[in-house]
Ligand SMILES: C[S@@+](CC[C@H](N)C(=O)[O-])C[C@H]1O[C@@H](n2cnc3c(N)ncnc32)[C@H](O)[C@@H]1O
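Have a look below at one chain only, the form predicted on its own, in structure tokens format.
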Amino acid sequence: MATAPRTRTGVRTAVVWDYLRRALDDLAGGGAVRVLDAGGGSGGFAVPLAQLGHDVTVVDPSPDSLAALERRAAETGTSERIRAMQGDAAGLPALVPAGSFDLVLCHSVLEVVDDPGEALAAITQSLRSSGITSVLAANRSAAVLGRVAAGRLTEARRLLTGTDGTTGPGDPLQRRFTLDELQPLLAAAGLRVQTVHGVRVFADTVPPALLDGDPQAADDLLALERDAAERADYLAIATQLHLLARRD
């Protein structure tokens, strides 16, 4: 995980990992951290965190995803550090003890839950005092731009003018967020935002053929992503917004 990714997928997640590593160091100085991955699915973050020596509890509503997580943990020798539980973010108080985690991941969850505020309140309750949550959410502004670029102008206008950041019944997401919508949600849940940055500022617009067989192109793309991540003038075009927030 120390080397730069050589694929588009690696670039898409590398900047998130940059900030997660800093948060982990902040919480435990390089030691083991208790992590809760709310909606963690098949372990895209949980397994690498366990490989780093952290103890990870994954809560997800999908039994199929949890089964895939358990297989992946077994294949990577991380089963002893990963616990899988079926449930959703809002139901965390009934699943895990209050104040029992140092770090909670809430990645691509707020877009699909029934009530984002309720989910964030439950996440806050699971954090210890001064614990950190990592929130990764779809950016409404970038979604508008993407629909325009694809010629889907009706969807773009619905995203732009609607109140919920969705294109309608066929949209897999119930909502998308602007930064001005996310920050009050976290504050209302008792979470104090510390850092905000953009994820996939450029990665989703680069032609796949550019990266195929050209490791240098992937490295250059990652360098661009890192340079732009915290620049306010590029936040609006990032596919996702990533916020690290501490429990008050």
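These figures come from a predicted structure and were not determined experimentally. Counting begins at 1, following the sequence as shown.
Form predicted together with the named molecule: not shown, discussed below.
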query: Glu155: touches the named molecule in the predicted complex, heavy atom cutoff 4.5 angstroms; finding: no
query: In the predicted complex, Ala89 touching the named molecule (heavy atom, 4.5 Å); finding: yes
query: Ser65 within 4.5 Å of the named molecule in the predicted complex, heavy atoms; finding: yes
query: Contact test in the predicted complex: Thr178 vs the named molecule, heavy atoms, 4.5 Å; finding: no
query: Residue (of Leu159, Ala142, Val109, Leu103) lying close to the named molecule in the predicted complex, criterion heavy atoms within 4.5 Å; finding: Val109
query: Contact residue in the predicted complex, from Val113, Val96, Leu127, Ala84 (heavy atom within 4.5 Å of the named molecule); finding: Val113
query: Location of the named molecule contact in the predicted complex, chosen stretch of 39-47, 216-224, 200-208, 182-190 [non-hydrogen atom, 4.5 Å]; finding: 39-47
query: In the predicted complex, residues of 217-243 near the named molecule [heavy atom within 4.5 Å]; finding: none
